[in-house]
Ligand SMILES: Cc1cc2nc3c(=O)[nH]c(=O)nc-3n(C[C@H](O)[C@H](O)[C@H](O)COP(=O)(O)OP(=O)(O)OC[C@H]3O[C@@H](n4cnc5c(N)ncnc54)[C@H](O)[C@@H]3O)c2cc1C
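Single chain ahead, by itself, as structure tokens, in the form predicted on its own.
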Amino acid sequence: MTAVLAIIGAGPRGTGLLERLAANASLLPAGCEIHVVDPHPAGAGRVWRPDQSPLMLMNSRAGDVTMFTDDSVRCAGPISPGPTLAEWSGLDDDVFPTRRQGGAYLRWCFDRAVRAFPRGVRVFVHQTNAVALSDGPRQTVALANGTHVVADVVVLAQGNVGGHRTPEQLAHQDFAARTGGTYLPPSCPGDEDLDRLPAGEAVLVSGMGLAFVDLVVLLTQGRGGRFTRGRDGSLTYHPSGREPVLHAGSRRGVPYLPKPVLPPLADRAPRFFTPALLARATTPGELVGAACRELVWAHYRELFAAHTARTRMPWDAFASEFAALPITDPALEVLVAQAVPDQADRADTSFLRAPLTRSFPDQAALNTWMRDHLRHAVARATDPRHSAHAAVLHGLLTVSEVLERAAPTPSTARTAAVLSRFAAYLGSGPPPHRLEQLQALTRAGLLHFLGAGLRVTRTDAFTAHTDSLPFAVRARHFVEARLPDPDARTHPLLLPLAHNRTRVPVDPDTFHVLDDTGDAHPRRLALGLFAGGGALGAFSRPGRNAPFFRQNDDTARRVLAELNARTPALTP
């Protein structure tokens, strides 16, 4: 009898796993079958599907996107190099590709992996949903089209499964229906019917991350507006007349920082947030403090190396004193003032607190402050003079890599949760020109900011209060511009595996699914945001020994070992 593997999900995670299975093909049982199940196009999945708006961009540069191992990756399986998105597409390294282009690259990666399997190994793609999973001598995956896949090993790789509605969100939905307004819950804006938001009417927007930027683009350029750049370099927005008027706020009150142009990095080794520290630290606070020091250290290391003329102290002397001071010690401010005379060259540590802490008499004053804030953010991300500010992202990547390689403990889990609050703000922002577009939209009167500490209630309309304005702003329409929290309970196949929890429990080392007693299923694995073990990004930077590749390789080899172990038992 043929050994069968089922992979549920054909997006970046499923594609990456398929690539590693092909790379380790010498371990495959003869005549093995691989069934890949996804209702969306193989490779691209839902997020990168080809039928979305061409206005939607990736928030990574083409040269920073790869699905292939390189010499930096430390894994048991063979290294199988392949092109970055830039090399494959012919785009410049620094270009932000469209999501369609990212999806086309992923489809090519998927097809290349399929072609790489030896003859006799068959790959079947089922473009439908997997709706149920039952156990027995073999596992049965029920598909929405009425067919079944009987498999020996099942890997769940569905990506970001969400959509569960909280009582508050259900109340918003009911209120909008009763008052003739619109409420859009957390989701990908490109998946929503945005025509429900009428031209010229006020819309409250909660959230200022990537989903917010997507929403703004679709409601402006997506409705026929256009941007032009003047001789002075500034952008002007020319409305189509079909746009709503957006009023946006969030907990932090400002958009994510734009993706910077990263300066070269000679030494990736962590200075403070080290594996040794993780082994001996006793509190999450100690780890968070070390992580923040790593970020600020990256700033000053770049400043002293690339812009020595703007410093007033030898690097060795500064580094020695810096290393002896906690990040919150006032003596550190004194040291920095002595060594770095220009305030603009000093590390911006507002991410440790909040970038917007003041109040304004009206939205016009807040909009003026925000345009200035965005202008500085774009300059820091794009001007080589400010490479030290961009280098903070190197520190963030270092911290993330150390955490991802660490054994999971309550302290590391708590640290990861705390760091995630500002990691997205620092490192997962949009292309810089998107923040220029936000400035232009405020000048055009189509975007107004609400500030920090946003709270939305229901009175005679949706009502927004913030810490930044002395008055409320009301509107009939309200959009929560963020992705839904992962929730396995919203997926019919995952629901029974989650045991009434939001995530499917898995062994954090092997990704085997755990039952309600904590025992691991030897032939069932889960990887992704919906699982309680490892949540890794869709793409990885080349040359970083990314955990994405190591975990895919480990999982592929684990799956192949199980298939081989079962092959004798499957023989008639």
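Residue numbers run from 1 along the displayed sequence. A quick note: this is a predicted structure, and the numbers were derived from the prediction, not measured.
Beyond the structure shown, there is the form predicted in complex with this ligand, which is absent from this document and is the topic of what follows.
Of the candidates Gln139, Asn129, Ser80, Thr179, Asn129 is the one whose heavy atoms come within 4.5 Å of this ligand in the model of the complex; the others do not.
Out of the listed residues Leu91, Ala116, Leu426, Cys188, Cys188 is the one that sits within 4.5 Å of this ligand in the model of the complex by at least one heavy atom. This chain is displayed without this ligand, yet in the model of the complex the stretch 58 to 66 from 24 to 32, 513 to 521, 58 to 66, 500 to 508 comes within 4.5 Å of it by heavy atoms. When contacts are judged by a 4.5 Å heavy atom cut-off, Ala10 counts as touching this ligand in the model of the complex. Shown alone here, Glu436 lies farther than 4.5 Å from this ligand in the model of the complex, counting heavy atoms only. Within this chain, Val47 lines the site of this ligand in the model of the complex, having a heavy atom no more than 4.5 Å away. Heavy atoms of Ala157 reach within 4.5 Å of this ligand in the model of the complex, making it an interface residue.
Scanning 90 to 108 for heavy atoms within 4.5 Å of this ligand in the model of the complex gives just one residue, Arg99.
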